[in-house]
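Below you will find one chain, with nothing else, as C-alpha cells; this is the form predicted on its own, and questions on how it binds or moves follow later.
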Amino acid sequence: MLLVALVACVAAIVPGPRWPRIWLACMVVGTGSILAAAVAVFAGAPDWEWWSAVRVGGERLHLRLDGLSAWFMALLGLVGGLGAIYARGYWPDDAHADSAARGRLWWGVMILSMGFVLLSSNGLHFLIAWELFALSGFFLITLDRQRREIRAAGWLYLAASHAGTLCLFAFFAALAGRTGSWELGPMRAHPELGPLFWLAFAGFAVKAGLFPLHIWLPSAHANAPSHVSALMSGVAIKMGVYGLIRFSGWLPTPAAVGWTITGIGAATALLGIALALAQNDLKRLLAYCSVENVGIIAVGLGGGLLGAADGDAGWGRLLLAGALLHVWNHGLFKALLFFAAGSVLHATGTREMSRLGGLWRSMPWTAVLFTIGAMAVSGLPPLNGFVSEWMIYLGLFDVVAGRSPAAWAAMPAVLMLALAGALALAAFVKAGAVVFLGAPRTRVAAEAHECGGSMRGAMVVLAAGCLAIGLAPAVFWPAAGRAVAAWNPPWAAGAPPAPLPTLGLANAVLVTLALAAGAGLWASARARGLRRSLTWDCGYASPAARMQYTGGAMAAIAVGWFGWIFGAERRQRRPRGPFPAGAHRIERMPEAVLERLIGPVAGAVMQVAGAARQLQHGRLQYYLVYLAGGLTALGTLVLVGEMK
C-alpha cells in the first residue's frame, strides 16, 4: 500500500501543473493508499520496516510504520485526499490561472514530505523531509502572492519554521554525535541522552504552535487558501505534535518535561481561545482555535509522561489516548470548519464577520456543516470533540483522586481547560450567529450562493467522521491502544475504559431523541400551518441590519477579562453636538508576543546590523586599519592573560 501511495503521489506531482484531472485521480489514489496502509496496521498487521539499498546523503533510507506513525498517517491520508477534492471546486484554473497549477504541484510535495516525516527512522532523512515540508508550506501559503499581507505571512512562517529546524538540526546532530549513528529508535536505556530532548521540544513546539511559539500560525492559516489552511491546521501542525510524542517515547526524558508540557499546554489552550474570541476575521478565529486545541493535546501528552514516570499509572494511558484521539478529532472538525469558512469566502469574497450575516438562507449546507464543526470544537455531545476532551478530563480527575504528586499539575490544568471550553463555546456562538444568523449586513452577504458539489462533498465526509467517533468511540479504541503501545509498550492495548461504550450509547440516544423531537416539531408546525413574521423589534417600526449585535459586542465582556494580557488597541471618535456628523470605534487585539517582544528585538538587531554594514564600504586602507586594530586588541588580551 505504501508503495502504491508513493508512486501515486509522485505521479501527481509530475502532471499536476498541466492536467488537473489526472492530478486529482493520482492524489485520491495516493492518499487513499496511505489511509489503507494505516488501517491495515490498526487491523493487526505487523509493523512495517524497510531499508533501501541506495544511500541518500551517505545513509541508507530507513522507513518504519508502527501504531504511532500509522495514527498520523491515517489523518494525512483522509484530510489530504479530501483537501484535493475540495480544491477542485475552490481554487479552479479558470479563476486562478496563475496559481492553481503551482498549488497542485506543492500540494503533492507537501503530502509526500509529511509522509516521509512520519516514516523516517534516520535523523538525516527526517531533517530533509522536514525541510521539504516547510518549503512546500511556504509556497502553498503564498499562492496568491500579489497581496502584501500574504507575502508577509509566508515569510513569517518560513522564518519560524527555520528557527525550529535549527533546533532540530542541533538535536539530531548531537544525538548522532553521542550515539555514533543517525539511526533512530528506542533509546530509553541511555539516560545521558535525556537533556537533548529540550532541543527537540523547542523545534517541534514551533511547528505545533504552542504558546508563545505560535506567532506564525494565525497569519499563515488566515491568509492561505482555505484548503491549504485546512491541511495546515488539520495535519501540518500535528507533525510537531508527532515529533513531541515520538521522541518523548524513544528518548529518556528529564523529570521536568511532563510538568512543563502540561503547564504550557494548559496556558496555550486558555490564551489561544481567548485570542480567538476577540477576532473579527473568521479564518483568524479558527487559527487561534487551533492554538487552543494543540494546548489540549499537550495537556494529555504531559499527563502521559507524568503517568509513565509514576510507575506506568493507568491514568497516564488514558490521558495519552485522549490526546491521540484529539489529534484525529481536531484534524476532522478543524478541516471541516476551514472548508466551511472557505465556502463563505468563495461566496462573498470576505472573511470579515462584521460584513456577513443571514447566510443560512442562501447557504444552508454550509451553515449546517459549520454548526456541526462548531459543536465538535466546543466539546459538545454527541460529537467527537466531546469524547476526547472527556477522556482527558477523566484522566485528570483520576490523577487528583489518586493524590499523586502529579495532582499539583492536574488541578490547575482542569480549571484552565474548563475555562477554555467555556470560551470556545462563546467564540463559536459568536461566529455562527454573526455569520449565518440575522440579516445580511452588506450586499455581498445578501448575494451569497451555496458552494459546489466537490466542496460540499468533502465537508459532508468530515462531518460524518465527527459524528462517527462521537457515536462509536469504542470502535476506535483498538487503534488508539496500538498507538499508545507504540509509545510505551507496557501500556499495550486492552479493553476500552468502561465508560467509553456507555458514552457512545448515550450519544446515540441523544441523537435519536433530538431527531425525534425535531421531526415532531416539524410535523406539528406543518399541521398547524407555517407563518412568517418579524421577531420582537424593541419598539422600532423598521428594523434594519445595523441594529444587530456585532461580534465585538458579543465578545466584549469575556475579552475584557484578558485585556491586561493582550493590551487591546482602541481608536474611537465620539459623537459631538446635537447633530453629530459621525462616530466610530475600532478595536484591535494585537499579537502581543510578535509585536511587543520579538518585533522590537528584531528591530534592534537590524539597527545594529545596519550600523555594522557601514563598515563594509570597499576601501582597502580602512580594512587594513580594522585588521591592525583587531590584531592589537588580540595581542593585548594575550599579554594580559600571561601577566596574570
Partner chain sequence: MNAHLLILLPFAGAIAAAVWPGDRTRPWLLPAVGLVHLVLSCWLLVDPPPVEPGAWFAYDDLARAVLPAVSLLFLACATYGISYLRIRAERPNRVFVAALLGVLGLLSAGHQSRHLGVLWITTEGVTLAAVPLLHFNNTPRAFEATWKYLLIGGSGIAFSLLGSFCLGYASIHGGGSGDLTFHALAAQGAGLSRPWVLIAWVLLLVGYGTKMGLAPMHTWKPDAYGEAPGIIGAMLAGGVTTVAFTAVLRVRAVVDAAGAGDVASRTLLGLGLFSMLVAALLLLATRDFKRMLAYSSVEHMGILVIGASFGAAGTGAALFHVWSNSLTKGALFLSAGNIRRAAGARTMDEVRGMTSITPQSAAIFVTGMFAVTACPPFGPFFSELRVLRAGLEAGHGAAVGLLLGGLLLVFFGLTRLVFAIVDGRPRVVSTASVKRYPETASVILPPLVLLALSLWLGLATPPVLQQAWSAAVQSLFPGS
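Remember, predicted model here, so these are calculated numbers, not experimental data. Positions refer to the first chain, counted from 1.
Keep in mind the form predicted together with the partner chain is missing from the figure; the text below concerns it.
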property: is_contact(residue 612, the partner chain) in the predicted bound form, heavy atom dist at most 4.5 Å; result: yes
property: Interface membership of residue 198, the partner chain in the predicted bound form, 4.5 Å heavy atom rule; result: no
property: Contact flag, residue 608 vs the partner chain in the predicted bound form, heavy atom cut 4.5 Å; result: yes
property: Touches the partner chain in the predicted bound form: residue 58 (any heavy atom, 4.5 Å); result: yes
property: One stretch from 107 to 115, 481 to 489, 214 to 222, 157 to 165 that, in the predicted bound form, holds residues within 4.5 Å of the partner chain by heavy atom; result: 157 to 165
property: Heavy atom within 4.5 Å of the partner chain in the predicted bound form - residue from 573, 449, 188, 151; result: 151
property: Of 308, 128, 193, 257, the one that lies within 4.5 Å of the partner chain in the predicted bound form (heavy atoms); result: 128
property: The partner chain in the predicted bound form - contacting residues of 151 to 185, heavy atom within 4.5 Å; result: 151, 155, 158, 159, 162, 163, 166, 169, 170, 173, 174, 176, 177, 180, 181, 182
